[in-house]
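Just the one chain here, the form predicted on its own, laid out as structure tokens.
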């Protein structure tokens, strides 16, 4: 199904290194059936060529406020668009938009439109965390602008940190959600969904912790998909990343904190997705000050962390759907089946984290879904958003066929 069929989307591309990803965003919007009009800033052409967008999009690239065929191109674009997407959105464009400064065709179009606007920031961490940028983002959110990303990860120059442009999948999913054309046709409207995301951090001392490689991408993909299908979403997350528009985000660090927040949020939820990678063990007695190498190798005694999935399974209200996850390195099916039988979950989503292009930090995944009634569903390699879509399709179908749903 072409979920964006017939939608006129202005794709704004500004001058950041992430502009190369806008080519893929354009292609995926077209694949979804949208009519795409690219608008590039002068700076964008230092990173990508307008000829590329001319070849891929529905219309030739526009760049100038002064057009022989249309004396007011920004007004025409703004009035006829169903949505304006800026990917990447640099600090300059964000600042100009927030301040109402129309210095080029893109910013003039943003100010001239009354269509929904989706801004996808991308910049270095220091810029993203600057108070001026944070203030401009807050201003745009207050005005109803939708923000997608940014993510944490590898940046230009080899640095790591927050500020990386969201994946094309996440950007197109955000546009789809904003336009109300979600993959599930809002078949989760009225449902309350709780999603956990990221890896917990169990302190050894004030500067060190026991953790894992979870990026939170799969959990956030579930949150985005559920929100796109009309659900009311709460995310309990260790990841410093904004949730989908309208979602409640509860920030935690440790397994203990995640347990308390998740149990509270799940009490009245229709669906609980335990996508977080929760540490199994924690130091019994974390040091109050930084441990020093000169004092020798410390003896760290470990104890179990709370088993959140088992606790949820034991207290699961009638009609609630509980989805657990199993990140495995071998014997995936057997380990997943044992977890399903021992935790009281309705589904276990299992994957081999050593598989190529799957597991932690990747944008793609392949999983095995085991259901409590004995069914097994293999979901081949695809984007994490598409994995979330496939799993939630199972949940919706099962809820529709059950008599005990709330």
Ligand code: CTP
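This one's a predicted model, so the numbers in the text were calculated from it and none came from an experiment. Numbering follows the first chain given and starts at 1.
Not on display, but discussed next: the form predicted together with cytidine-5'-triphosphate (CTP).
- Here the chain stands by itself, but in the predicted bound form one stretch of 364-372, 377-385, 39-47, 335-343, 335-343, has heavy atoms within 4.5 Å of cytidine-5'-triphosphate (CTP).
- Remark: residue 274 counts among the residues lining cytidine-5'-triphosphate (CTP) in the predicted bound form, judged by a heavy atom distance of 4.5 Å or less.
- In the predicted bound form, residue 116 stays away from cytidine-5'-triphosphate (CTP), with no heavy atom inside 4.5 Å.
- With a 4.5 Å cutoff on heavy atoms, residue 76 does not count as touching cytidine-5'-triphosphate (CTP) in the predicted bound form; it lies far away.
- Residue contact check for residue 128: none of its heavy atoms lie within 4.5 Å of cytidine-5'-triphosphate (CTP) in the predicted bound form.
- Residue in contact with cytidine-5'-triphosphate (CTP) in the predicted bound form (any heavy atom within 4.5 Å), chosen from 205, 187, 307, 82: 307.
- Proximity to cytidine-5'-triphosphate (CTP) in the predicted bound form, defined as a heavy atom within 4.5 Å, singles out one entry of 147, 321, 326, 94, which is 326.
- Contacts of stretch 264-285 with cytidine-5'-triphosphate (CTP) in the predicted bound form, defined by any heavy atom lying within 4.5 Å, are made by 274, 276, 278, 279, 280, listed in sequence order.
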